[in-house]
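In structure tokens, the next block holds one chain alone, the form predicted on its own.
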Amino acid sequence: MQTGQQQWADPSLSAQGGMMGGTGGPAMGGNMNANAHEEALFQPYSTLDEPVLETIMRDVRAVISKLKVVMLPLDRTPHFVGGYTGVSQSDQGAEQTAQDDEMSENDRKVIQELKDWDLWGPLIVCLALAVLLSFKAPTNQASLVFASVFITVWCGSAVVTINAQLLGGNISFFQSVCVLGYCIFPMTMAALVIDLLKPTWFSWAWLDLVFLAAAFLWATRASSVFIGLYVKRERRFLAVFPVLFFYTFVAWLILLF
């Protein structure tokens, strides 16, 4: 009887094994296709074969996106100019996670945009400001004004970044230069407005001061967000003070020329 049961059981086991083998083949094939699709999805994106116009337009869209980030502040209100309460250091562990949960989706988008650095935008903003001020300068001083503005922007950004690094901030050099360069955009717009209003009845010195003061506060606030991310709370004032001096000097150049 036992032998008969084994004889009856063996065909079922073999049939079940055949069914498992039959279904295992397509399952393995599906897993291989999924793995191949995942590898193709996460492989590095190459731009060597894309059209030049598409590459240029992608960079233009990235520059416009960062300019929007600079012009639109975060949702959270800072306790002081050194940084936002919703942004903390990367080495604070659970405290950072709890504070990040309190940040809105717009705040996270702003911070992520600021971390994705490039130098095209700061170069365009710097050149625009230098050209605007050189047009207003006397003919024999136009080149000197252009060079002064250009050197001030890039050397000032470098000094502010090095100061933050010396204060113990874990900050990328080009990342900081990118943010500081983009944050000059409000001051460039203020210089443009002042130039446009100069031939009109609204060319008043106090009105120029109002425009520059608003642009200065906007640029300082936007840049202090990023600087405050990577500098300890007790050292943030020392890191932000050169930022204030940097934008004050740029504003003085705008008023001077």
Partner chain sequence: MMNSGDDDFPPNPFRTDGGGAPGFAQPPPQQQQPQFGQPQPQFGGQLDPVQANNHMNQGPQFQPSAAAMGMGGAMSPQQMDPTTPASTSTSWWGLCMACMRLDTYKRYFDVDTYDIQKRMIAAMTHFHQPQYFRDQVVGPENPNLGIDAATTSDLKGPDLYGPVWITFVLILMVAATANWSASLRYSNDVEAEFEYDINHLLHAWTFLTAFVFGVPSVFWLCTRCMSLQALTLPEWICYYGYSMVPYLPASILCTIPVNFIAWIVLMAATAASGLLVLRNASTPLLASDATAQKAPPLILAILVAHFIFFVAMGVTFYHHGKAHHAV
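Here the structure is a predicted model, which means the values were calculated and not measured. Positions refer to the first chain, counted from 1.
The form predicted in complex with the partner chain is left out here; the points below concern that form.
With the partner removed from view, the residue among Met71, Ile151, Ile162, Leu123 that has a non-hydrogen atom within 4.5 Å of the partner chain in the predicted bound form turns out to be Ile162. Contact annotation: Leu127 falls outside 4.5 Å of the partner chain in the predicted bound form, judged by heavy atom distances. Val145 belongs to the set of residues with a heavy atom inside 4.5 Å of the partner chain in the predicted bound form. At a distance threshold of 4.5 angstroms between non-hydrogen atoms, Leu132 is out of contact with the partner chain in the predicted bound form.
Residue contact with the partner chain in the predicted bound form: Gln141 places a heavy atom within 4.5 Å of it.
At a distance of at most 4.5 angstroms from the partner chain in the predicted bound form, all three residues Pro242, Trp252 and Phe257 contribute at least one non-hydrogen atom.
For the partner chain in the predicted bound form, the listed stretch (213 to 221, 227 to 235, 49 to 57, 62 to 70) containing residues with heavy atoms inside 4.5 Å is 227 to 235.
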